[in-house]
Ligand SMILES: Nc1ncnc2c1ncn2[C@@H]1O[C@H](COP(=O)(O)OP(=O)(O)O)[C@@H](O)[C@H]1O
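Before any questions on how it binds or moves, here is one chain, the form predicted alone, in structure tokens.
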């Protein structure tokens, strides 16, 4: 069963509590060139292909798919880190593709991201306090005293103590580094948090604790979350709805219970069967 974006949205319905982020017919296409003295265009790569979806207030929307399915590309374009080839991206009803660079920079304070590898996203030359404070300084939020207070509170919320602020990221374990990255993301009080394979680089027990932390923070701070993962068990546990990407296209989008019990697309069924097989042989 293959459905277009409009049909997928019709089947999935829209979030009951409104939408804070909306993508309509968004595509990201790259041109691949031949090697040689005079490179020639040889292929159009459709990293994201005509994707439409919405993220409700306080909702956790899961995005799943295999390697190369376009999950990370979708996150980058949703944050407008990368501009779409075509399509509309609205955040709080504001069309992001029409903003000036200065307006976009200010708007991005409402959207923060936690990456898969925290070590690669944390500056090893800065103290933890400076790392977490950076977004506040870049966005000119608060006075020096207010920034210090917000950093302390953000670190406390992720389970780190005041002395930890004086250390450097490289001195901490992988799980603690991810807590630092989460503190940096929440310190500006975002409306949307993007979690791009945020626990896949951690062992199972530490990943479970980070997952619990994200759920606790979401309840406390009332942000929405776009949760990208290849782990269908994790997605089933925490997400309200799930979208399935295949070769850059959104092939299925449904509430979590429906998708796992009655998958409609062949690729979704393949992912679920592979996950069950892995569980049986774990």
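Positions refer to the first chain, counted from 1. Rigid core here is just the name for the largest C-alpha set that superposes within 1.5 Å across the two forms. Since the model is a prediction, treat every value here as computed from it, not as a measurement.
As for the form predicted together with this ligand, it is not shown, yet the points below apply to it.
Chemist: Just one of 108, 191, 71, 150 has a heavy atom within 4.5 angstroms of this ligand in the predicted bound form, so which one?
Modeler: Answer to the contact question: 71.
Chemist: If the cut-off is 4.5 angstroms on heavy atoms, which of these, 90, 76, 130, 156, is the one near this ligand in the predicted bound form?
Modeler: Of the listed residues, the single hit is 76.
Chemist: Looking at heavy atoms inside 4.5 Å, which stretch does this ligand contact in the predicted bound form, given the options 235-243, 212-220, 43-51, 251-259?
Modeler: Flagged stretch: 43-51.
Chemist: Is residue 35 part of the interface with this ligand in the predicted bound form - any heavy atom within 4.5 Å?
Modeler: Output for residue 35 is no: heavy atoms all beyond 4.5 Å of this ligand.
Chemist: Contact between residue 56 and this ligand in the predicted bound form at 4.5 Å, heavy atoms?
Modeler: Looking in the predicted bound form, residue contacts with this ligand do not include residue 56, since no heavy atom lies within 4.5 Å.
Chemist: Has the Cα of residue 43 moved 2 Å or more between the shown form and the other one, judged after a core fit?
Modeler: Residue 43 C-alpha, core-superposed: shift of 2 Å or more.
Chemist: Does the C-alpha of residue 32 move 2 Å or more between the shown form and the other one once the rigid core is lined up?
Modeler: Indeed, residue 32 is displaced by 2 Å or more.
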